[in-house]
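We begin with a single chain expressed as structure tokens, specifically the form predicted on its own.
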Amino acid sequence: MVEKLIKTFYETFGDGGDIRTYFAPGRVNLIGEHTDYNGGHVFPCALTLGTYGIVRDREDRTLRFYSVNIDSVGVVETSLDDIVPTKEAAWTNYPKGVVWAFKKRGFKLTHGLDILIYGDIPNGSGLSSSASLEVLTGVILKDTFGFDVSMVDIALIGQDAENNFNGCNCGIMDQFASAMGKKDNAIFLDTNTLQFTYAPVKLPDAKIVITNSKVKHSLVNSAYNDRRNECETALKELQTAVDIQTLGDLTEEQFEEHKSVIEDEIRRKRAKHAVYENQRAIHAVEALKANDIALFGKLMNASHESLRYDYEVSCEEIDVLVDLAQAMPGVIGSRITGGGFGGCTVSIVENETVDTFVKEIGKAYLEKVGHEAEFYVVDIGDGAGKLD
């Protein structure tokens, strides 16, 4: 793979120079959905799918980008002295945003770069291709210019770039998982404090299978903002009755005791999800540590139920996939993953069931919704870095 990309680099940008290679993974969140902006816990892991970067220094102040995935766009050029988001910049606004965020913090980029990008994260799958590209860019800049930043800093810089350069109000989870991933471990992250621990994901008899519904509904951005606003209002109502800073501060019992102060039934459902999902994430990590994979699967199933009915961020196609998966013997747990309204499900499937899972669910899904799903049997990989 890397040798082929280097060959393409030379064909695109010309021969010579010191070539460096980097990789940043995508991520899947095993449990803890829509908790990151409610002061709760998330439990993502880095994947072995991700974004590759082939890089060479330039002697001027020009940045030249080329994506193997979008080769029809060709080489996109910009100056280090003119880093602003533009429609014409297309996908390069993501790496440009990271350059912008470094410069905003006082870091000086002394010369330009030629950068070739290739990603094997399926487009629009909800596995964080944009965060992967941002973290990749951060690692490239840290290594090239010797910037004194940690991998947590790189995650925060990537989030800043996405929020304030590209205008997407995402939480920290995606960039954090890409930057801080660890092979065969998921990251138990408190999004309120950024305190985290690694939890080994030992599945000797099962695999993680991601199923891409191949749909993404257009209401995702407005609905996402609606959910955030509903939770913020519910929090203010709860704060009149109990001393909390976030919904993640509440146990299930405390929520049930005080939920009547939330005047609107919709807001009550949204807050219930945030509280219960945070507790599910905590219990899921405990289950993994106890090697109770069956309980972990039950918590995944309960997570989907809550996202479907209380938070209402699922959709017909995703529910079809989850219902089919949960009904199949050998499937330990299955749920929607990511922001919702399309995208992917994540399932834990016993080894001997994986082939049947792909074949039977693929067939039934095509019959029910009229188009094919895609399946990825994934491994948990390390976080971003330079490749030898």
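Just so you know, these numbers come straight off a predicted model, no measurement behind them. Throughout, we count residues from 1 along the sequence that is shown.
Separately, the form predicted together with alpha-D-galactopyranose (GLA) exists; it is not shown, and the next lines address it.
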Among Met173, Leu250, Leu299, Val139, just one has a heavy atom within 4.5 Å of alpha-D-galactopyranose (GLA) in the model of the complex, namely Met173
Of Gly50, Gly338, Gly333, Pro44, the only residue with a heavy atom within 4.5 Å of alpha-D-galactopyranose (GLA) in the model of the complex is Gly338
Answer yes if any heavy atom of Tyr118 is within 4.5 Å of a heavy atom of alpha-D-galactopyranose (GLA) in the model of the complex; otherwise answer no. no
I'd like to know whether Tyr224 contacts alpha-D-galactopyranose (GLA) in the model of the complex, with contact meaning heavy atoms within 4.5 angstroms. yes
Would Tyr37 count as a contact of alpha-D-galactopyranose (GLA) in the model of the complex, using a 4.5 angstroms cut-off between non-hydrogen atoms? yes
Note: alpha-D-galactopyranose (GLA) not shown here; in the model of the complex, the stretch from 91-99, 163-171, 76-84, 200-208 having heavy atoms within 4.5 Å of it is 163-171
